[in-house]
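This document starts with one chain, in the form predicted on its own, laid out as structure tokens.
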């Protein structure tokens, strides 16, 4: 069976396998991880500040939805505002490499966190934005199951854009930049422009996921812009497999399902997931998806 057909069937059946809010969370965090992997796995830039894009879109989408906009327009508004923020951050940060790039993005994300906490009249500060409605031109989407299927086309569009990007000539240039930037420049590619475009695309997909996440839960908490959110999505991406796109979705599913299951038994679920993450990284150095793909190639 083709992989895309299997994936489509899984998307339709997912809210009947786990409860709908968690089902949509799996896809949104998976899209967030895929967006980060677009930058980390295909350009070689590790960002520790992607919570700024996820959270900015979450706040903007929630406020626009409370202003009465249908949820797709509210989310697109969140993506638009985030794109402006990402342009400024990307223009300044892509001039650095390695740990310096990671630190610059983290510093900008902390600025966003500070602003979100201080602008209490707009963001609610530590109380967050509550009572976010989900409307679609008169349709009632208060049911989590109804909202899952309403949001599914936007989620699928996000995954398609990520998938199409890495298989396009643009994606091949990104890999060339990752492997040998000096050689790519010698071939005539404006590598800084390609890196900025990849940064904007990654931020835009993160914003799409973050906006839908806010509407899925009906509120926005301050933690959406906290550095730990950036760390969590990095962990999901590495666990699933860097440079695989689908690995991010798998990593997100493992982390969220473990957290959901373990939280019913113990408050120390973070310790257990941390141990599992450590063992997985030591045992599967290419991530779960990357290791499975390598094993399949050896058997072929």
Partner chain sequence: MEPSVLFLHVFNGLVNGAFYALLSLGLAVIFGMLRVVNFMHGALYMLGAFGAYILLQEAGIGFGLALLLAPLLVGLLGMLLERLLLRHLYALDPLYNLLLTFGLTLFLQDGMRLFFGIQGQPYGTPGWLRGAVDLGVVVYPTYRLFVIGFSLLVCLLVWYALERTRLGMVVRAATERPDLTRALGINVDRWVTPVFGFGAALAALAGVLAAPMRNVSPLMGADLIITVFAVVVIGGLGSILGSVVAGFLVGVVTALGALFYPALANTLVFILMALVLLLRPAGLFGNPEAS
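Superpose the two forms; the largest set of C-alphas matching within 1.5 Å is the rigid core. Positions refer to the first chain, counted from 1. Values in this document were obtained by computation on a predicted structure and should not be read as measured data.
Keep in mind that the form predicted in complex with its partner chain is not shown, yet the notes after this line are about it.
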Exercise. Would you point out which of 189-197, 146-154, 78-86, 96-104 contains residues with a non-hydrogen atom within 4.5 Å of its partner chain in the model of the complex?
Key: 96-104
Quiz item: Of the residues 42, 29, 246, 48, which one places a heavy atom within 4.5 Å of its partner chain in the model of the complex?
Solution: 48
Quiz item: Should residue 91 be counted as a contact of its partner chain in the model of the complex, where contact means heavy atoms within 4.5 Å?
Solution: yes
Quiz item: in the model of the complex, does residue 227 have a heavy atom within 4.5 Å of its partner chain?
Solution: yes
Quiz item: So in the model of the complex, does residue 135 come within 4.5 Å of its partner chain, heavy atom to heavy atom?
Solution: no
Quiz item: Does its partner chain get within 4.5 angstroms of any non-hydrogen atom of residue 275 in the model of the complex?
Solution: yes
Exercise. Give a yes or no on whether every one of 214, 261 and 290 sits within 4.5 angstroms of its partner chain in the model of the complex by heavy atom.
Key: no
Quiz item: What residues of 108-125, in sequence order, lie within 4.5 Å of its partner chain in the model of the complex by heavy atom?
Solution: 108, 110, 111, 113, 114, 115, 118
Quiz prompt | Threshold 2 Å Cα movement between the shown form and the other one at residue 68, rigid core reference | solution = no
Quiz item: For residue 271, is the C-alpha shift between the shown form and the other one 2 Å or more after core superposition?
Solution: yes
